[in-house]
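Just one chain follows, in the form predicted on its own, and it is written as structure tokens.
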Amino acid sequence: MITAVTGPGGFVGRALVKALIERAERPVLLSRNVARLPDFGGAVEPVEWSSTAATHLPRIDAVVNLAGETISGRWTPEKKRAIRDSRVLGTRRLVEAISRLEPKPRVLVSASAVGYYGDRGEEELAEDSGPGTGFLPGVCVEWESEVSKAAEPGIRVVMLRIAVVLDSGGGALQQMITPFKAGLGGPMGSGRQWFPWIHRTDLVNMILAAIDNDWSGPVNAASPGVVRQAEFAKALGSALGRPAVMPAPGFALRLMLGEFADTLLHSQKVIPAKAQTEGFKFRYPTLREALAASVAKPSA
């Protein structure tokens, strides 16, 4: 099995590459800047990536698409353009490139996001729930449309709608921990909004399961232990041994972060219905277990 990975230097990509190496694979790393990739120990094949580079690829059996501009930060017009283009245009070029390969990869597993659903209050959101409205749902709809085109030449397609990814060493959790360590942590907005999450280990295992099994279409990459934001804040404070009593009001978040703040205030009760139907076993199904594996309390 030879798996090609876009975004191999990212928070999820690094963990996936290590997991592929542990499976005795030699993953192909598709990067626009090979020189900046982490050192994975030599058991990889870096490829300076562009759509024209596809003709120089070795035979690949699977492709995992994790590339995309981070959504964190104030959404200027330029930032929003980068968020959309890195996903929509980047995926379009990837699909066009792998569709020209002979033989073609048998499967494309691509990131999408729970942002697909928008702000949905108390509604349970399984894979057959429709998209929400707004900027991020619109990007996700376009993104998934481009991914789906890989099915036309016969490539099996899986789209993982990824929740907030938790683990040590980076990602969203690293940003959340800073105010908690300063004693300034607490729920965002009302705290009643549903907050979907997944541990990075479970996400990597879900990607591998999507490669190895006959999954297809959208799959919610979220833990079954979805919680409200206030519960998440309380659990994170407990895991860090810090208080979680300083709420961040919605108006203050919008003042600091602009339109991006809405993604922190939206309610998304995402259910991993398809993964559970397929028998996927979560290593960290509860928030307490996931945080215990991701953060350490400071020394006394």
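Keep in mind the model is a prediction, meaning the values are calculated, not measured. A residue's number is simply how far along the shown sequence it sits, counting from 1.
Although it is not shown, the form predicted together with a small molecule is what the next lines describe.
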| query | finding |
| --- | --- |
| Heavy atom within 4.5 Å of the small molecule in the predicted bound form - residue from 150, 163, 159, 210 | 163 |
| In the predicted bound form, the residue from 117, 195, 143, 215 that sits within 4.5 Å of the small molecule by heavy atoms | 143 |
| Proximity to the small molecule in the predicted bound form (heavy atom, within 4.5 Å), stretch among 94 to 102, 150 to 158, 163 to 171, 125 to 133 | 163 to 171 |
| The small molecule contact in the predicted bound form: residue 223, any heavy atom under 4.5 Å | no |
| The small molecule contact at residue 199 in the predicted bound form, heavy atom, 4.5 Å | no |
| Proximity of residue 204 to the small molecule in the predicted bound form, heavy atoms at 4.5 Å | no |
| Residue 263 within 4.5 Å of the small molecule in the predicted bound form, heavy atoms | no |
